[in-house]
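Below sits a lone chain in structure tokens, taken as the form predicted on its own.
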């Protein structure tokens, strides 16, 4: 007897139960009429979106979720539906999955392994389940797991011992570079060890700084992928089982780092803008590599008709910067404005002339320029209802090479977790798809252009040296001595670490940005602002 299972990669809206309910209803009814199946599987916490964070502490929110579950059970009584939701049971809150069949709740599984590391805070909200869950459908015994559970071989083996012939797992597994390959590797080992086929259904879409890549898959009992869904695309994929053996279906191509990273940035930007109700996006286009990449991402995410750019030249802006910015705006077909900031800079300088009398010029005057730009951009953002995208990269945010209330002004930072060297790599990758970034923008030395003949290299080690140091210190928690022992210059290491430690107060005030690394600034890395610690 064959069994057809639909894997639903869906993009939920955190906190909007009605939206999620309607989306689930539409998918169930469409699947029911177009591709009749026996079982439909949705992602983890699909009714609330993931992560719902402290919404889970609201009793009215939890009551609404639990009340709507029984409405879903009546949608298609002849089809089994697996839904992820937060469940109140005996006074405790669980991260659960309900099996709906024949108009009722057939059984419920409660997640056993609650991740509490990196971006996860599940132990703050949920109690841990203790039991396996297996149900029968068309003569097959199907076990259920939720995300972290399936990463633990003992839970997979326990589900097999409970009688499961197929394991279905609901997931909200956020993306970072290389995550899809890591998932498949771990699940493959657990599937082959237990000799149990696994149906892995993952969420898709952006949620604040997290982005979910989908990339759902099915593995046979030998740990071989026999179906793979696309990444960063909402879709329903169907796998057919002959007994407990999945019949191979189409596998989307394996993922490559640059294409996946770029797709994550596009997906995260699109969802942040539209889920928060903005009409589009606006950004300052300097003629430099960072803003050029952000513009390409914004257009790919939102469409050229929904993106505006502003060139804000000062007396120190080189002519080629203005030319390159205008050229890219023309290539991408976005609305372009040029608003020189010299009148505003002169006004502020005059206002402060008496206060700054007999004081030497320093970064204060440079920062005034950046803050004048921030005022103009925020004014345009407010007036037009478009989100201001900031253009700072991870290297700059790490060492504080950014101006508070200046180039840091804005609502979202698409490349906040993209180191400078990766900025260049992604720009070249995007140009391979179609040339949208002028070549000179990629090849010229980077500069903030806030002083005569200024270059980033005047203030920072070369990015070829800086980026690897930052990765070791920020993402891998290596000490300065460990980094030096790896072959890096002692002074460069000391300088970089000192800048990182001193800049926490800036990062805490920065806009949220998309996480694509194993450790991003924000919910992933939480350091005190007031601290006597200095990297050693």
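If you're wondering where the values come from, they're calculated on a predicted model, not measured in any experiment. Positions refer to the first chain, counted from 1.
The form predicted in complex with another copy of the chain is left out here; the points below concern that form.
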Only one of 319, 347, 128, 247 has a non-hydrogen atom within 4.5 angstroms of another copy of the chain in the predicted complex; which is it?
347
Using heavy atoms only and a 4.5 Å cut-off, determine which of 27, 55, 484, 492 is in contact with another copy of the chain in the predicted complex.
55
Does residue 66 reach another copy of the chain in the predicted complex if we count a contact as any heavy atom within 4.5 Å?
no
Heavy atom to heavy atom, is residue 509 within 4.5 Å of another copy of the chain in the predicted complex?
yes
At 4.5 Å between heavy atoms, is residue 103 in contact with another copy of the chain in the predicted complex?
no
Considering non-hydrogen atoms and a 4.5 Å limit, does another copy of the chain approach residue 529 in the predicted complex?
yes
Testing 177 to 185, 361 to 369, 154 to 162, 459 to 467 against another copy of the chain in the predicted complex with a 4.5 Å heavy atom criterion leaves exactly one stretch, namely 361 to 369
Could you list the residues in 261 to 281 that come within 4.5 Å of another copy of the chain in the predicted complex, counting only heavy atoms and keeping sequence order?
272, 275, 276
